[in-house]
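Quick setup: one chain, the form predicted alone, written in structure tokens, and binding and motion questions come after.
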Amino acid sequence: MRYAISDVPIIKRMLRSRWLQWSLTALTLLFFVLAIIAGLVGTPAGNRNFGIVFVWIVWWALLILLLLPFAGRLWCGVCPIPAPGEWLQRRALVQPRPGGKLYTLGKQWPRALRNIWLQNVGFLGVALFSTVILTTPLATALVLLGFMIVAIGTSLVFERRTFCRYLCPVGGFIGLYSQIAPIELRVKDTAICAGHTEKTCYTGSDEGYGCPWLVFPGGLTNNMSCGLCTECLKTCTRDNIALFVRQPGADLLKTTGHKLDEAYKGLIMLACAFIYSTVLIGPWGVLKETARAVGTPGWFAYAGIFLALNLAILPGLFWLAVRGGQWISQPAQTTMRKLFSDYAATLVPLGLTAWIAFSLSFVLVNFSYAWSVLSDPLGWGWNLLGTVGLKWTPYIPGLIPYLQVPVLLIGLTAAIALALRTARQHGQTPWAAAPVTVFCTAATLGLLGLYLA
């Protein structure tokens, strides 16, 4: 069941309008630049600095608690990071120039790197230093500035939004979890699409540009690679592309055809949810201090454990679970690599709910810093909106565990259902899903133990 919400006239006008998307992107760019300035010249106190509070608390809450579960990759459609590079490519800010020619060297991204492995590596790099980045305004500013410089450089050399598609560390996990969202951008009728030889949704026209994400919309089967920029809605001359409201998690119902890089993304995200929950909000302050002491022997030990957990221990345990299911369901009909990748779809709801549970405790406790920072974004003693005197107040701290428990149980239930579905679609007996179910249950119990302790 799905409904083409973009066929509602007012919504269609909004999605086809370039001014709405451009205005939202310009607004996020304004906040992005302010976050960089605050990091470079503002107070070094993280809880009084706009860069720390509005990037890692306000934006993070918006992304994890609202946008990802309900709107998928909507953030990518208004993200400020690729905007300057894209404007340079187009030599236009809002309206397209006739022909839609892009000013770039137009190099194609190497075929061997057309996956999300580099996004996995980039996310691990940021996550490894997260205790410093999340609390030090200068570090946050340098990271954000680095993202934008790489995005601009990439846009000048490579075609379209190569940075977003293959490099952005944030875009990797947004794409993974966008498969849960109850919206999708798809063609209405594949037969009409097949008969449209011009393929203006991909090549561009006087009405707009070819898909910035290097995706042919007619071939879309999930949300991972669609940035919801709606450029194809503007350029399709057959009015054959729509934004649909659909069943949540519809992409995951097809539990075959997943890739190893996506599987590792799911495992990395789950491992990092554990590490963040333990180090950042756990009761062991020595762990947080060790993670912040970059360059010390203790930090190298932390880094070794961090990388081992992400790249070997958790993937190894998951591999054993999948292998156990294959052994139960002999004779094996599918290769282990394919089973490993397909069963990893269970990690999508499990990981997203783990991050939501983590974010609830992190965000609700710290969100009140935003009111005073709004009045004094640089920590220079201003009181622009009269809110600088509002004190830090944790919101509903006693209720947070009661929110985390059902969230985690919803993720576990969805993961078990996907494990059973994966077994069935691979011709295995339902018992083949048992080891992966045990893995998912153990992960949920571990997180519950951390949050309820």
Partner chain sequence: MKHVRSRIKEELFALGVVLVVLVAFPAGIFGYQAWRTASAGVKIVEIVARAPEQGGFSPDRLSLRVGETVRLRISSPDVVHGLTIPGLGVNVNDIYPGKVVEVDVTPDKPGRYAFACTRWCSVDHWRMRGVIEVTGGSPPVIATTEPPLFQQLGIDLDAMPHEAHATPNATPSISVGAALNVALPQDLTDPATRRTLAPAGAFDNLRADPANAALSDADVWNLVAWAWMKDVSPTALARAATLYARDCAACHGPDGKGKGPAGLNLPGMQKMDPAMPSGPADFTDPAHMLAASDVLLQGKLLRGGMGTGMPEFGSLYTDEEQWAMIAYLRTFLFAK
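Numbering follows the first chain given and starts at 1. Everything numeric in this text was worked out from a predicted model, so none of it was measured.
Another form exists, predicted together with the partner chain; not displayed. Remarks below refer to it.
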property	result
One residue of A308, V94, A194, L105 in contact with the partner chain, assessed in the predicted complex (non-hydrogen atom, 4.5 angstroms)	V94
Heavy atom within 4.5 Å of the partner chain in the predicted complex - residue from P44, P394, G386, P406	P44
Residue stretch of 57-65, 33-41, 396-404, 413-421 approaching the partner chain in the predicted complex, non-hydrogen atom distance within 4.5 Å	33-41
Interface membership of R48, the partner chain in the predicted complex, 4.5 Å heavy atom rule	yes
W431: touches the partner chain in the predicted complex, heavy atom cutoff 4.5 angstroms	no
Close approach of G381 to the partner chain in the predicted complex, 4.5 Å, heavy atom	yes
Contact flag, E289 vs the partner chain in the predicted complex, heavy atom cut 4.5 Å	yes
The partner chain in the predicted complex - contacting residues of 1-26, heavy atom within 4.5 Å	W19, W22, A26
